[in-house]
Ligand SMILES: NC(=O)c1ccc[n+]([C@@H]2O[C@H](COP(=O)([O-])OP(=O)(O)OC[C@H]3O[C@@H](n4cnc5c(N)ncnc54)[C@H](O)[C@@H]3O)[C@@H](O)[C@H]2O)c1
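Take a look at this single chain, the form predicted on its own, given in structure tokens.
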């Protein structure tokens, strides 16, 4: 393929050098005459292991050159990758000035081109940037429409400095978000030589995944550091703790617990977080990450309550009362907190949970329930049908498989609030909402 790469900094230089190894022809574009000169001399403009050799070989084969003229690059290639910097402003927002400037240059050059051209953003940009900045700037400068006169897409990079070439050739995933099928197919062809999962999605999801990845990495570093701080104060070997922690690939290092949904509850997580945070405070340790977990969880419970509240004071049926489907464990169940608040606000509430039977509850579960909701016996209904026929607002409180079948049974006057994403209920158009989707 014939590719132009706009921005010859770290990402652009690595991308340019690596693409030539797949047989693609690359034209690099940058305002800096120094970077352009280095590329044309077969030298890397940034320090990165093995990049000098890749660029040298690409130039020697006639597959890589650089210019500061955008029209030259656009007219001699079929697809452009935007790799310009998006640094932070003082307030933390992204500075998209360079991105806008490049879009204007590319769009102006596209006026001179009658054939199809795809513009792919590889720079790290917030969701909505391509729709709200890139596409309007390209359309205004080119006089063409996205998806008709040119293609647009997102292709985030996942390169670690010091390992960038290996990461490029052996990625854990390749993500492409395309605004049209033609652009998506071209992007797939671009990476056809890479043996890794190729994920095709929407532009907005592709934009967001890079932030999700990086913030998760930052969170892991901060988590390990705060665990280390506690361990040191307690004279515990923090590296041994985390080495054992990382051996758990079923729960700790996996997709488990990483689905957006409702607050956590139960007899373990809230109690143990509070205990560790209290211990840290007793040691005069300031651990803001661990200390924020319970407040963040409480805010998610409040979000669920406010979703119900904004629908007005209508009868509410709660489906699922235990903190997790398949159990009768009610301890610190966040849905109980919501029920208590609804009752306090004067809502008419009914509850169905096949696993919770007041006559069979004993010990801590029974005591906890009666303390939270003293008159709970008058609120429990015997069947799912009873709950669905009673409430005008239907709240799905846990992931019991029985609740997946409710969509066809929802009346026109009812509204479903799903706190767990039990099922795709998108066909309940205008009658369904989820807490984080």
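Residue numbers count along the first chain shown, from 1. Small disclaimer: the values here were computed from a predicted structure and weren't measured.
One more form of this protein should be noted, the form predicted in complex with the ligand, which is absent from this view; the next part is about it.
- Contact annotation for residue 86: at least one heavy atom lies within 4.5 Å of the ligand in the predicted bound form.
- In the predicted bound form, the ligand lies within 4.5 Å of some heavy atom of residue 210.
- Residue contact check for residue 272: none of its heavy atoms lie within 4.5 Å of the ligand in the predicted bound form.
- In the predicted bound form, no heavy atom of residue 301 sits within 4.5 Å of the ligand.
- Partner contacts here mean any heavy atom within 4.5 Å of the ligand in the predicted bound form, and among 25-33, 397-405, 377-385, 56-64 they occur only in 25-33.
- Only one of the listed residues (202, 101, 225, 267) places a non-hydrogen atom within 4.5 angstroms of the ligand in the predicted bound form, and that residue is 101.
- Checked against the ligand in the predicted bound form, the residues 159, 75, 356, 133 give one hit for a heavy atom within 4.5 Å, which is 159.
- For the stretch 404-421, the set of residues having any non-hydrogen atom within 4.5 angstroms of the ligand in the predicted bound form is empty.
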